[in-house]
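The form predicted on its own is given below as one chain in C-alpha cells.
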C-alpha cells in the first residue's frame, strides 16, 4: 500500500502535467485567429521644427491616429501595447526609430480608437539631419497573452516628410 505522501505527489504531478498541456493547447489556439488590424495616421500640424542650441534637430507634431485593433483580442489576450514610431535613415545610421506616442489597450472595447495628440515623446535627431527628411510612421503592437508567448507586428505608413527650413 502506498503512503499518503506518495499519493499526494502522484496527484500533484498529474495535475501540473494536465495544466501545462491545457495551457499549451490554449496558446496554440491563438495561431488560428484571423488578425487584420488597420490604422491610419495623419500629421495635422508641425508645431515646432527647430535646431536646438547643441546642434540637434527637434520636431513637435500634432498627429491624428485612427486604429482598429479589435481583431488582436481573443479570449487569451490580456492586453495590447501599441506605439507609433517615426522611422528614417541618416548617413550615420540605416534605421533611426523615435517613439512618438504609446498606449496600453486593456480590452477589446478600447481597441478601436481615434486620437488627436501632440507627440508624447520628443522627436529629436542627434545632429541636423531632419530638414527635408522623408520618414515613415509605423504603428507597432505587442500582444500580451494570458498564457503563451507574446508576439508583435506593425503597420508601416510611408510618405511623410519634414520641411526644408526650420520653423
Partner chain sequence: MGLVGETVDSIKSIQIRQLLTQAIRLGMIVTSALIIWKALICVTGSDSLVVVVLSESMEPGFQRGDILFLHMSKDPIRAGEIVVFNIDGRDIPIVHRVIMVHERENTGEVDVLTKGDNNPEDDRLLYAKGQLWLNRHHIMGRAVGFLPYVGWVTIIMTEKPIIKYILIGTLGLLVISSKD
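Nothing here was measured: the structure is a model prediction, and the numbers come from that model. Residue numbers count along the first chain shown, from 1.
Not on display, but discussed next: the form predicted together with the partner chain.
Candidate from 44, 26, 115, 124 lying within 4.5 Å of the partner chain in the predicted bound form - any heavy atom: If I apply the 4.5 Å criterion carefully, the residue I get is 124.
- prompt: Since the chain is shown here on its own, which stretch among 58-66, 32-40, 107-115, 138-146 would lie within 4.5 Å of the partner chain in the predicted bound form, judged by heavy atoms?
  reply: Result of the contact check: 138-146.
message: Does any part of residue 96 reach within 4.5 Å of the partner chain in the predicted bound form? Heavy atoms only, please.
response: The answer is yes: residue 96 has a heavy atom within 4.5 Å of the partner chain.
query: Using heavy atoms and a 4.5 Å limit, would one call residue 83 a contact residue for the partner chain in the predicted bound form?
result: Residue 83: contacts the partner chain in the predicted bound form.
query: Does the partner chain get within 4.5 angstroms of any non-hydrogen atom of residue 6 in the predicted bound form?
result: Yes - in the predicted bound form, heavy atoms of residue 6 and the partner chain come within 4.5 Å of each other.
message: My question is simply whether residue 11 lines the interface with the partner chain in the predicted bound form - judged by any non-hydrogen atom within 4.5 Å.
response: Because no heavy atom of residue 11 falls inside 4.5 Å of the partner chain in the predicted bound form, the answer is no.
task: Select from 74-93 the residues with a non-hydrogen atom within 4.5 Å of the partner chain in the predicted bound form and write them out in sequence order.
output: 78, 79, 81, 83, 88, 90, 91, 92, 93, in sequence order.
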